[in-house]
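Take a look at this single chain, the form predicted on its own, given in structure tokens.
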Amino acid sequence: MDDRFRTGERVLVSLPDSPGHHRAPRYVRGHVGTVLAVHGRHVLPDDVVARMAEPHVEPVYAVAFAAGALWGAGDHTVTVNLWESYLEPAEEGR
């Protein structure tokens, strides 16, 4: 299986539409970041917590966010590891 995103690609972190466990930190949800690396494929923790018999296995991406975009201040970046199902392609101009 191919990874959906590549290093250098801009991605948008989804806003989950269901209650329950979601490993994307709230402070990055709805924000655009840049993929720095792909860390291989790992079991989706949401499925483990939901006690699914066969949890999904997905690529995990290191995604960098500008601190200023997240908190309105800071000239550094914040890197978060995110599963593929939490991400979508970022729209141009966003």
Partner chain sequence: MSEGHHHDGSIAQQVREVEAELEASGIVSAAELEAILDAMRTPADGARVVAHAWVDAAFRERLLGDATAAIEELGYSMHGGVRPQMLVALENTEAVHNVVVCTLCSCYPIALLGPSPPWYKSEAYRSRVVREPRAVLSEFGLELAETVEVRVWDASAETRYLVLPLRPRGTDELAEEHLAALITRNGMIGTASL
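Positions refer to the first chain, counted from 1. All values reported here derive from a predicted model rather than from experimental measurement.
Another form exists, predicted together with its partner chain; not displayed. Remarks below refer to it.
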Exercise for the section: Consider Val48 of the chain shown here, and say whether it contacts its partner chain in the model of the complex, taking contact as heavy atoms within 4.5 Å. Expected result: yes
* 4.5 Å heavy atom contact, Val32 to its partner chain in the model of the complex -> no
* Asked: Does its partner chain get within 4.5 angstroms of any non-hydrogen atom of Leu36 in the model of the complex?
  -> yes
Non-hydrogen atom contact Val80 with its partner chain in the model of the complex at 4.5 angstroms:
yes
I have Gly8, Val11 and Glu54 flagged as a candidate spot, so tell me whether each of them has a non-hydrogen atom within 4.5 Å of its partner chain in the model of the complex.
no
Contacts from 59-73 to its partner chain in the model of the complex (any heavy atom within 4.5 Å), listed N to C, are Trp71
